[in-house]
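Only one chain is shown below, in structure tokens, and it's the form predicted on its own.
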Amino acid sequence: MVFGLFLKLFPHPWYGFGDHVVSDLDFLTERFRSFYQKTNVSEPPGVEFREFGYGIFGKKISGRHLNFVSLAEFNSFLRSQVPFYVSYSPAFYQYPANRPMAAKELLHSDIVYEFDADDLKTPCAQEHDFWECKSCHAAGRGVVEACSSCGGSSIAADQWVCENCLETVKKQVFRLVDVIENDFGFSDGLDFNFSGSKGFHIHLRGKSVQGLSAKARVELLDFVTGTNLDLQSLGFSESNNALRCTPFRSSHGWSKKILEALHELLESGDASRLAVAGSVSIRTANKVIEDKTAVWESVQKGLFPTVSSKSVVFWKNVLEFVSSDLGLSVDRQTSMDQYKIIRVPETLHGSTGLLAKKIIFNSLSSFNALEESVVFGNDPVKLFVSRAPKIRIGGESFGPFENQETELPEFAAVFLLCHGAATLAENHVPLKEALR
């Protein structure tokens, strides 16, 4: 019954221009089908206890509450139904297909931390993203909070991804792993995968994690993101008109991270940034930088030296400044909500046609998602591209494009079709318009 409903969501074909015409949706569906026909997805572990969901083009979750008794049955579903998106629950249930959610009977749950380039406001987005005002239809390149023509804040964003975006996200992943292993002490059950679009997922599947309460999970997340930090509770306290802290060698957790960030700021020699951080004159900041070796030696011993008549205020301002950049931009909803479902690793992402590829952590630094997650071939495909920035995918560069016909290798064509930026040249009707 569920499979029948799934099929009703795919009206084939959309365009009745003759037998030779293939709709964009048919084209993409057949490419996705060919991938799943020759691929055996081995994720997730404990499949029989998980809830699954699927999505159609343009809608990541169009149905859920599915359950499979084995990976073989799950792969059969992928090959016969060809979803554009498929997601699973980090949670294990006694009855995964039951509804409402309480009827599933939660057993335990993994934790998934999700990083996405969109949340990091990467500078390169100003080069490859577009915007359009929903009120006056003015449009432009980059990321804006309000329309430059009418001042309205109802903005439609056309967001893209590049290698620079993903390198920025990687840095967050490395910092998170340091927290997980060195601050939390969780070393088992760590798995990593590219999201298939703009970021990475980190799965904590160890037994020490699965039994944690909802409250404990929030506390872990608050630690990761630096939520509600309090300097005094971290050991930074005022005494005899001076600011003191735990000596560096004895510090740990957030106290140590803040001191390390302070050391980096001092070593940078950037007096202007220090002046902004401490709300002092550039002259005072220069004096601190000139004496940075002695300053840091004193801090290491637990005493912030006098640098002005308002030294305590200065140092507190600096510590709050450096700590504000240390929290990680984790998607809180994904990490906190035990009932949320997330992309199944090793499946295709319907917005890009890229694989949500698993990664060995030791290979993450050299991993190039826009090359290594490409699964389609090089056969030429003629497209009409409405608008796209210059993209680099599969080791090649294409574009930029603006209302033009072009011929691209299949992997790049799938990427643009999935994004909704192109249509097969013979159709000339963008798929997103057909869905409206």
Partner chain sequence: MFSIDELRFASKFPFSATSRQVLKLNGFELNRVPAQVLKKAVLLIVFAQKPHKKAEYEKFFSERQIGSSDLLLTDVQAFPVAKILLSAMNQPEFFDRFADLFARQTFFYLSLESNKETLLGLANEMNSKAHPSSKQGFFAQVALTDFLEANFREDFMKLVNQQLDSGTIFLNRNDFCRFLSELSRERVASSLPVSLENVPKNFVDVSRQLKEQLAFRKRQEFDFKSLGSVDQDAFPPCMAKIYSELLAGQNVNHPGRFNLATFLVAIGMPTDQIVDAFKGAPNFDEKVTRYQVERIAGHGKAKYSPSSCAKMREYELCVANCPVTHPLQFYRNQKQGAKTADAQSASE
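Since this is a predicted model, take the numbers as computed values, not measurements. Residue numbers count along the first chain shown, from 1.
Note that the form predicted together with the partner chain isn't included here; everything after this is about it.
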In the predicted complex, segment of 162-170, 219-227, 354-362, 81-89 with a heavy atom within 4.5 Å of the partner chain: 219-227
Contacting member of T284, S255, S311, S323, with respect to the partner chain in the predicted complex [4.5 Å, heavy atom]: S255
One residue of Q126, S208, S298, S237 in contact with the partner chain, assessed in the predicted complex (non-hydrogen atom, 4.5 angstroms): S208
Non-hydrogen atom within 4.5 angstroms of the partner chain in the predicted complex for each of N182, S233 and Q333: yes
Partner proximity in the predicted complex: L303 to the partner chain, non-hydrogen atom cutoff 4.5 Å: no
The partner chain contact at S329 in the predicted complex, heavy atom, 4.5 Å: no
In the predicted complex, N75 touching the partner chain (heavy atom, 4.5 Å): no
Proximity of A156 to the partner chain in the predicted complex, heavy atoms at 4.5 Å: no
Residues within stretch 83-101 having a non-hydrogen atom within 4.5 Å of the partner chain in the predicted complex: P100, M101
